[in-house]
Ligand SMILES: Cc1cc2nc3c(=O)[nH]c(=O)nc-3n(C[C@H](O)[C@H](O)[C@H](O)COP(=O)(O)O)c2cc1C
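This document opens with one chain alone, in structure tokens, the form predicted alone.
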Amino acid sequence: MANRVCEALGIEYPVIQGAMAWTSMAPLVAAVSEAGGLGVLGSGFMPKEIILGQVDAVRKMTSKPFAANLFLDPGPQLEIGTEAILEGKVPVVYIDSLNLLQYDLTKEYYDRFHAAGCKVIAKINYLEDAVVAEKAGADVIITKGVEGGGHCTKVSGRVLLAEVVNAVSTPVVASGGIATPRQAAGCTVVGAEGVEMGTAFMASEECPVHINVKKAIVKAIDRDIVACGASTGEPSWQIRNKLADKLLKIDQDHPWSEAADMIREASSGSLRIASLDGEVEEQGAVMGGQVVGLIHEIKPVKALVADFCKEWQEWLSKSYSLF
């Protein structure tokens, strides 16, 4: 039986690389797509000219489908990203949201992208978001669990996946805390038709982040991941270091009305400092997810796509019985 995620997106393997700001750039995106998965530009907060430049760079490295992401939240950046994706004729748009989806806005943008020939992926945080996304016409739905890196969500990935596959008929991709084929097989049993991985791809050979970031991910264990910036309303997971300890202490020692601005100031530029400069101890933020404890080596992208899916299928072919 054909895989519906692959059919919808025009890819060979049902593996989607997560959209990571200033991390999932052209070299990684092109490598994932060229390997048969779906590479995704972390373009949600990029200026239009940078998005278009990254789109051109991807096309020079692969002719296969790829995606660019944006956040479906009203404001100037939504239109900036939309214009860039439409002008660049990106084949797949990967639409994130920080807030609950509103049907009218969702339908408006899905229709604009579909009219331009784009496939639409909806990355959702709650069951009701999945219902709205399906009604608005999403081609694929990604369920992001609390385990996933970057911005923290609230629902366990396995719980959210089980809720969503019972409620929608759209193909569903599991996301959050996945790095091994055995986990992917478990998600398939629950009902997922694909998986998304972010932190695992951060530790790939082709990811254009500093080697120190990759080493930090490989070195980290599960309890090294902490949620920073609760006072901002948009906390994010990162590997514990001196910056993370500073951010946690700000939230602990100050009223949140004051702490939020202090957090933003203290963390400004921290992702760039880690990703580009390689400073991961004092001021840089490595935004890995809880899955770091399952990542033990830096691998080529092929091992996370084609080889991953081969082993995934092997796990599904095993015979299991409770009695």
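From 1 onward, residues are counted along the sequence shown. Please read all numbers here as calculations on a predicted model, not as lab measurements.
Absent from the display: the form predicted in complex with this ligand. The rest refers to it.
Contact between Gly194 and this ligand in the model of the complex is not found at the 4.5 Å heavy atom cutoff. In the model of the complex, Gln54 stays away from this ligand, with no heavy atom inside 4.5 Å.
In the model of the complex, none of the heavy atoms of Trp256 sits within 4.5 Å of a heavy atom of this ligand. Although the partner is absent from this view, Gly18 contacts this ligand in the model of the complex, with a non-hydrogen atom inside 4.5 angstroms. The contact residue chosen from Ile263, Ala68, Val291, Leu28 relative to this ligand in the model of the complex is Val291, the criterion being a non-hydrogen atom within 4.5 angstroms.
Distance criterion of 4.5 Å from any heavy atom to this ligand in the model of the complex singles out Met287 from the list Met287, Ala35, Val280, Val58. Of the candidate stretches 221-229, 162-170, 141-149, 109-117, only 141-149 has residues with heavy atoms within 4.5 Å of this ligand in the model of the complex. In the model of the complex, Glu196, Met197, Gly198, Thr199, Met202 are the residues of 180-203 with at least one heavy atom within 4.5 Å of this ligand, listed from first to last.
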